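What follows is a single chain, given as structure tokens, in the form predicted on its own.
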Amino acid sequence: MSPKNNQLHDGFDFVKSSGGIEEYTLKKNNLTVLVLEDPSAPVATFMVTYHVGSRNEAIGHTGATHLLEHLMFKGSRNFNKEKGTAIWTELQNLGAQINATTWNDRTNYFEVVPSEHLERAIAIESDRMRYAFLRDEDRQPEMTVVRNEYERGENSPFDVLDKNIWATAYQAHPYHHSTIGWRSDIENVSTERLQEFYHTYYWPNNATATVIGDFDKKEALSLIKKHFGEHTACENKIPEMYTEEPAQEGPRRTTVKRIGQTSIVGVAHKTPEGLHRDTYSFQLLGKILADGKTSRFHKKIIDQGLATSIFMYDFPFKDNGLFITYAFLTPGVDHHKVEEIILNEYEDTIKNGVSSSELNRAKAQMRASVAYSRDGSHAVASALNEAIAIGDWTFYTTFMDNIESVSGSEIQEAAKTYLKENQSTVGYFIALDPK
């Protein structure tokens, strides 16, 4: 970066740019900052992504990141109901959209505000980064709210089966635990344990602030420096999650039997970490197998009346993930029959690969879905959030170039490498008649 530009963004180091997005580091505390100016609408999205999620939890405090997400809306040093400046009130009075989400590898807090109110969003996120109250009198009612979320999930056949498949596929790695945590941890984790978790991970040098929309870059960086610059970096090294999943040495199975209306088959296989080249092959294979009426599973399962819908899960994570086919069965259909069709199709891909027409159609579908998913400043920030979580925000800006470069032989080789019986976990949800 030229000396002139360094002066323009005083207090920041320029790191790199990709796809129109620029990355800076706040020198004071190593906060990563991403900026993308887009004047198409008079709004701006401000998002803080923390590099902490259920991946960083352990027995006794599973669900801690999610419970903290709730508590961090209950007040901080400068924004609280006692001062008449509660976060929800402050932002909703401006017409802002606000929320937060938690997942395996990250948690994020965001605001979509009229551009003239960008500073308010920045001030709020800076304040709760280090000065959230996290009081016991707030934890008790929020625990009840989170437990209600947990119970809603327990009433969903898909959620229950998905949770059991992950818990069966992963034994040592924290992906074994669902993001919301286990019920007994939700109910019994202490406020002190949550505070300890907060003071371990919620620091500027463990976060990325993203600003997208209609704003002046120089002014936005100045506001970030003004508010986040009051924080120091964490004095201690942010703990690394170093547990690796041992090699799987045989197929695994799990069955859930509950009262319900829809039976489900889930067939899962271990996949590599999100930044691995084979991720793009699995993204396209998912389209070929299950996206649209021309897909293989639609023709062989849905058109044959064996299932009402097919859902393919192939989301990339920071560590190994799962490539899962979910089939929601037509009443009376045998689970094993649909499982066999799915596995036979995998075997066909391993032996014969995919056709050029299938590959071209999958790439066209991907171009369309990516275009739709990047409409608006919040959509872009959300997609960047997931790329940040898996380890490199440029995964977002380079995604389509990598997709376009995937060959049919790469998809076949990825199938050979990962869609093996010994790396599989099959789950059945068997819907029981309430009578």
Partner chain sequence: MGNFKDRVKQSTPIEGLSSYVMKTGAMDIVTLSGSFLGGALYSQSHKEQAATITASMLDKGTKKKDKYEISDQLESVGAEIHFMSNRHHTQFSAHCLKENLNTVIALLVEQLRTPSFPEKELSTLKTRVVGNLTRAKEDTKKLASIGLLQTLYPEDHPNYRFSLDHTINSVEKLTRSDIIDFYNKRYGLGSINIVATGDVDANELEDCIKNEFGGWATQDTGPLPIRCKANESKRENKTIHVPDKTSADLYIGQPIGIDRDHEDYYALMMGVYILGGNFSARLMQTVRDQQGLTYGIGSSVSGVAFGADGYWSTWGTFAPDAISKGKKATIEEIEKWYKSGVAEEELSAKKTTITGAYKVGMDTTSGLTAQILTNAERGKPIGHLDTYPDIINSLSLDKVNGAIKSYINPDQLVTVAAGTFE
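Every value quoted in this text rests on a predicted model; they were computed, and no experiment measured them. Positions refer to the first chain, counted from 1.
The form predicted in complex with its partner chain exists for this protein as well; it is not shown, and the discussion that follows is about that form.
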So which of 196, 116, 340, 216 gets a non-hydrogen atom within 4.5 Å of its partner chain in the predicted bound form? 116
Among the candidates 408, 376, 391, 60, the residue which, in the predicted bound form, approaches its partner chain to within 4.5 Å (heavy atoms): 376
So, residue 365 and its partner chain: in the predicted bound form, are they within 4.5 Å at any heavy atom pair? yes
Mark residue 142 yes when one of its heavy atoms lies within 4.5 Å of a heavy atom of its partner chain in the predicted bound form, and no otherwise. yes
Contact flag, residue 291 vs its partner chain in the predicted bound form, heavy atom cut 4.5 Å: yes
Contact of residue 94 with its partner chain in the predicted bound form (heavy atom, 4.5 Å): yes
Looking at 201-209, 166-174, 126-134, 303-311, which lies within 4.5 angstroms of its partner chain in the predicted bound form, counting heavy atoms? 303-311
I have 151, 155 and 262 flagged as a candidate spot, so tell me whether each of them has a non-hydrogen atom within 4.5 Å of its partner chain in the predicted bound form. yes
Looking at its partner chain in the predicted bound form, which residues in 38-54 have at least one heavy atom within 4.5 Å of it? 40, 41, 42, 43
